[in-house]
Structure formats: C-alpha cells, structure tokens
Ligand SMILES: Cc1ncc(COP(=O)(O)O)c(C=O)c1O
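Below you'll find only one chain, the form predicted on its own, shown as structure tokens.
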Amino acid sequence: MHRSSRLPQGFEPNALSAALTRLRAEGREVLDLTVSNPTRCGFRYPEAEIRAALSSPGVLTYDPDPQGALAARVAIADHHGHGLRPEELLLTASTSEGYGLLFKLLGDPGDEVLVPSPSYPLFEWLARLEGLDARPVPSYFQDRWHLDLGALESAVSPRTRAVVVVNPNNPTGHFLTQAEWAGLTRLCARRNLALLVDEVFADYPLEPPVDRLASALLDPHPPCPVFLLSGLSKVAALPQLKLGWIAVRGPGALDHLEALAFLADQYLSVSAPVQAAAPRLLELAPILRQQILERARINLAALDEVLKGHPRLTRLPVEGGWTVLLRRPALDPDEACALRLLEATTTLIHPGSFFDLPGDGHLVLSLITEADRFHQGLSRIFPLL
C-alpha cells in the first residue's frame, strides 16, 4: 500500500526517547525537568467550578457555527482586550488545528513558510502535513534574542507565503520588540506575505523588556494580514479541553475569515461542551495563571541561587513563557549530554538541539516543574556539567 510522502520514513524513537522508555520499563523513576503539562505539575485547579462549567445546559445543545459559538467568541475577545471583536475570531480544536487551517488557506503544495529559529519543532510537521515546507531562519543572541529581519528578507522566495513567529518564543522566551514588529509587518506587506503570530505564552511575562510587544493586537490596523493564535491549553492551563482560536486582522480580514469558516465547516471539530463552558473557564483562568507565574518565578530564583556555585554555567534571560535555557561548556553535543545525564541521574532534560539552538552548549528546562523536584533535579545534574 502506498503511504504519503508527507509522513516520516520511519517512526523509530531517537536515542533519548529510547533510553527514557527503557528506564521506565525497568521501573526506575525518572525526574522530568521537561514537563509542559500543567495538569501534572501539582497546581490547585478549581475542580468544582470547572466541572460545573462543563455541566451547564448548553453542553447538550448542538447549534454549529463555522466560526464557533458566539458566547465563546465574546469571552475570548474580552480576555484579549485591545479592541478585539467576536466577529474577528474563529474557533478551532487547538492551535495545531489552527495552523493546519491557515496553511490550507495560504499555500499550495510546494509553497513555504518562514519560521525564525530557535523554535518549537512542531512547525516542520504541521507544514509538511499540509504539503508545505517550513524553512527555519536563524535569530541571533546578543545580550538578548533578536529577530534577524535582514535574514528573513533574504529568505523570501517566490514560493514564500507567510512568516510564523511565536510571541514570546518557545523555548527562548523572546518577546518581539515594538521595532521588530514594525519591521516585520512592513516586510510582510512589501513582499505580500501573511504573518502568523502564536501568542499562547503571552500571559506569562517573567523578565519582560520595556520595549516588548505584549500582543500583536496592540496594532489595530497592521499593513499585512495578521493571524493571531492562542488557546485554553496555556491561557487557562487546560490542555485536555481542546479549544483554540484564530484572530484575524489587517488587509482582507473579512475575506480571510470567510475562507477560514469554509474550511472549519468541513471538519466541525470543536466540541459543543467546551464552547459552552468557555466563558466560565476563561473567568477561572487567572487562578491558574497566577500559580504558574509564581512557580516559574520561584524556580527561576532557585536556579539563579544554584548557579552562584557553578561559575561555568549560566542561564539566558527569560522574557516570558515556561522554559529557561541553561548554557554550559560544550564538552559534548547537547543530545549526548542529555542522554548522559538521563543514564547517570535518571533526570530528563531537553537538549538545545531539539529546538534548533545554534551549536552545542544549551539545555532546556521547564519552569513549571514542581519546585522541590526542580531543585532536586538541579542538584543531580549540575555536578555532571
């Protein structure tokens, strides 16, 4: 049977994943410093209120709207503010599905999107599954991360259809600056490109610079089409309740929304219960976000304290998000280092190479790990770095 070339040639795990599976099969407890699932991090969820929201009479009603339930869109617009209107929104089951719809909207097979790197590796496969290529364009670090607008401009080809940015970036935590935003939107307008802005971590500033762009929605009339993505997974720390959204602004916004609604209507993927519950879930969301911000700040302070005793190790600034980049002497490749630490200490960390960080010498840690486990993990791995 023929299988699509859009899929991987094989599904063999990498060495780190294989070692992790083996250790767990042996019954050994692995201390995970990569955890990104907030439901596994010991946060206090308002369980009764969440269950009540999912038990409202509206969960038994099916009244499909290709853009999503109006009440849910009103609540999402209120959450974002910045003049966002419900009619500028379209609901999806997740931000990943949102990317799928947008790639269908913007490109034909063989077209490409540009993605500043380092970045989350999912983009390559989301684009490939729609027949597109995701071309990484390196950003650079000089005291902080910077978007390389000149490199992006040089990378534009006749097949380029969009630029994808994450604000703040995962895993670097880099917020776009207001100057970068102005330059990026001008570039996209000049080269007839769409701009996709993933703001799932925008509610989690940790060390925000004064010139950051808090949200793309602060620009009410961008000169190019702008598609902002977010969802309950990070906004309300509810990854199990599948609800994402796309906000559309800029030239042709109404036409783009009409086309997206047509695409969404072919799938009808967003469940009625989560749409009915969305207004209440967004009301509860600040309870979880405050806990996550507090945890991240505690862990960041703990890391800084431990680093005082290890002058060979440093961390990069964390403007926002849930991760921190640890910089180490590149005595061995990042993936080999992560594998060595896992085997020697049963502690899991991500190598920087997983996120296309340049060269070797970076490890990626999750700041939402439970505080005592985070500190324990640092005490295990630091002597071996």
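Quick note: we count residues from 1 along the sequence shown, nothing fancier. Note that the structure is a prediction, hence the values are computed from the model and not measured.
Omitted here: the form predicted together with this ligand. The next part is about that form.
- Residue contact with this ligand in the predicted complex: Gln275 places no heavy atom within 4.5 Å of it.
- Contact check for Arg73: no non-hydrogen atom falls within 4.5 Å of this ligand in the predicted complex.
- By the criterion of a heavy atom within 4.5 Å, Asp198 is counted among the residues contacting this ligand in the predicted complex.
- This ligand in the predicted complex comes within 4.5 Å of no heavy atom belonging to Thr185.
- The chain is drawn here without this ligand; in the predicted complex, the stretch among 172 to 180, 148 to 156, 202 to 210, 93 to 101 whose residues come within 4.5 Å of it by any heavy atom is 93 to 101.
- Here is the short version: of Val166, Ala194, Leu281, Ala127, the single residue with a heavy atom within 4.5 Å of this ligand in the predicted complex is Val166.
- The contact residue chosen from Ser215, Thr160, Gln291, Ser233 relative to this ligand in the predicted complex is Ser233, the criterion being a non-hydrogen atom within 4.5 angstroms.
- Residues in 61 to 92 all lack a heavy atom within 4.5 Å of this ligand in the predicted complex.
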